[in-house]
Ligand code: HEM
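To begin, one chain is listed below as structure tokens, in the form predicted alone.
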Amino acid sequence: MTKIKLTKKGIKMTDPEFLNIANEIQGNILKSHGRGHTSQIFFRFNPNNITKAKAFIQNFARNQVTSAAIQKEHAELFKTPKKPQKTFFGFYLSSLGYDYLQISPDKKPQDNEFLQGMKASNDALEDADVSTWDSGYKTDIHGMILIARGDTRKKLDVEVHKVIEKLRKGTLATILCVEEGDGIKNTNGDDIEHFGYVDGISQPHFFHEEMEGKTTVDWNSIMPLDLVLVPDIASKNENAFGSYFVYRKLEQNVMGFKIRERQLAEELFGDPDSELAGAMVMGRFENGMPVTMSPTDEDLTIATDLTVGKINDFNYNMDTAGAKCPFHSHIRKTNPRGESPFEEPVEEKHHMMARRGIIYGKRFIHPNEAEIEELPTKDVGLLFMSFQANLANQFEFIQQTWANNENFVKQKTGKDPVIGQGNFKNGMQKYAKEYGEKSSITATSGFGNFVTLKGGEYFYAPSMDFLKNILAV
């Protein structure tokens, strides 16, 4: 049996190396489960239930947790008309969860940020104070169960209630909160977030099949497996791997964001309805078209009907002044595409994460159709989720060293206007009043603080071998 090399860049789903590990890693890590309805159950085991808790985990893993191999089978079923859809299940433990289960320190995941928990990073990440978080996240969290379906919320709820009943049986655990995620699509069928922009275009890919038919002249998203996978040291199986999992509930003030977007458009272009201002904030137009490649959301000189709004093969070599896509724009901050002044492009890419988030909150009027007065100021947002091999080098690095850093990508360029946290200084963020004209770049008042952390935690997605045999650990 050939042992897989995590440093290998790109594999095929039919490769013996992948097939060797597919039964031993959880699904959703290397490839998104792809379902539009999710529930996240957060729980804490009650005192003196260690053996019962391990028995629950072992039984749940053997009967319900979706491995990468099973996920691959599900994907094939989706292609067959009238085949019943399958439910996805994921199981994740916090550091406190490992402690509760009395897993010895030498068998716990070793990432320092994971061991300390998300609350310990609160100040460094400039997050909202824990006292302002939703109540379910203020306390100790032992684990999270992700359940997802692609057909209806009603069918998903049936599965959720079954799991909650098992967790509460015999006072095994306390349910701290249940978060529901339901995707919204635009007229092109693309997933969007509550500000109305297409989300999830730029992702790392691990399988060659995902890149078939896609051009990769300026940006290749194929990444090695060690971007997300680490050996599960609690297992003796050499094919057992896990991944560190970030969960953050991010509330969006949509009305505030859109009002500020219109103000910026008036200030820059004398037209509050101009979509270019919002595109400069995000780095893409609402349909996903990169603003560094076009001053409008559709330019057929560089895009075909199949790629408009979904272009990811680009860098910033033709926009070195930030006169098209500002240096502080969201996508330039969080994925600088070779612009990091202290790293080679290959090193820079290793800060990327496999993002698996979904939006939450009910919208009775579509985000792309609502008037300003109809927009929400709270109770909607993003359930941010991501997998990575190193929390400090990936999630925390992007949030702290890039998004929150006023001096990245260049000196005095300001914070990320979308996910940046902390204070936003006036005059730091700069935009070109004439698209592509360096001499027209002007400073503006701060744009930010429309996304607020309402709670979260760091988890580990253990290997299937560990979960299925936890009573023996």
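Because the structure is predicted, anything quoted here is derived from the model rather than measured. Just count from 1 along the sequence shown to find any residue number.
In what follows, reference is made to the form predicted together with protoporphyrin IX containing FE, a form of this protein that is not presented.
Contacting member of 294, 239, 235, 335, with respect to protoporphyrin IX containing FE in the model of the complex [4.5 Å, heavy atom]: So the residue touching protoporphyrin IX containing FE in the model of the complex, by this definition, is 335.
In the model of the complex, the one of 327, 92, 197, 137 near protoporphyrin IX containing FE [non-hydrogen atom within 4.5 angstroms]: Selected option: 197.
4.5 Å heavy atom contact, residue 201 to protoporphyrin IX containing FE in the model of the complex: The answer is yes: residue 201 has a heavy atom within 4.5 Å of protoporphyrin IX containing FE.
Contact label in the model of the complex: residue 384 to protoporphyrin IX containing FE, heavy atom within 4.5 Å: Yes, residue 384 sits close enough to protoporphyrin IX containing FE in the model of the complex that at least one of its heavy atoms falls within 4.5 Å.
4.5 Å heavy atom contact, residue 179 and protoporphyrin IX containing FE in the model of the complex: So residue 179 does not count as contacting protoporphyrin IX containing FE.
Residue 88 within 4.5 Å of protoporphyrin IX containing FE in the model of the complex, heavy atoms: Contact check for residue 88: no, nothing within 4.5 Å of protoporphyrin IX containing FE in the model of the complex.
Triplet 355, 399 and 451 all within 4.5 Å of protoporphyrin IX containing FE in the model of the complex via a heavy atom: Yes, the whole candidate spot contacts protoporphyrin IX containing FE.
Residue stretch of 317 to 325, 262 to 270, 245 to 253, 146 to 154 approaching protoporphyrin IX containing FE in the model of the complex, non-hydrogen atom distance within 4.5 Å: Within 4.5 Å of the partner lies stretch 245 to 253.
Sequence-ordered residues of 405 to 425 touching protoporphyrin IX containing FE in the model of the complex, heavy atom within 4.5 Å: 418, 419, in sequence order.
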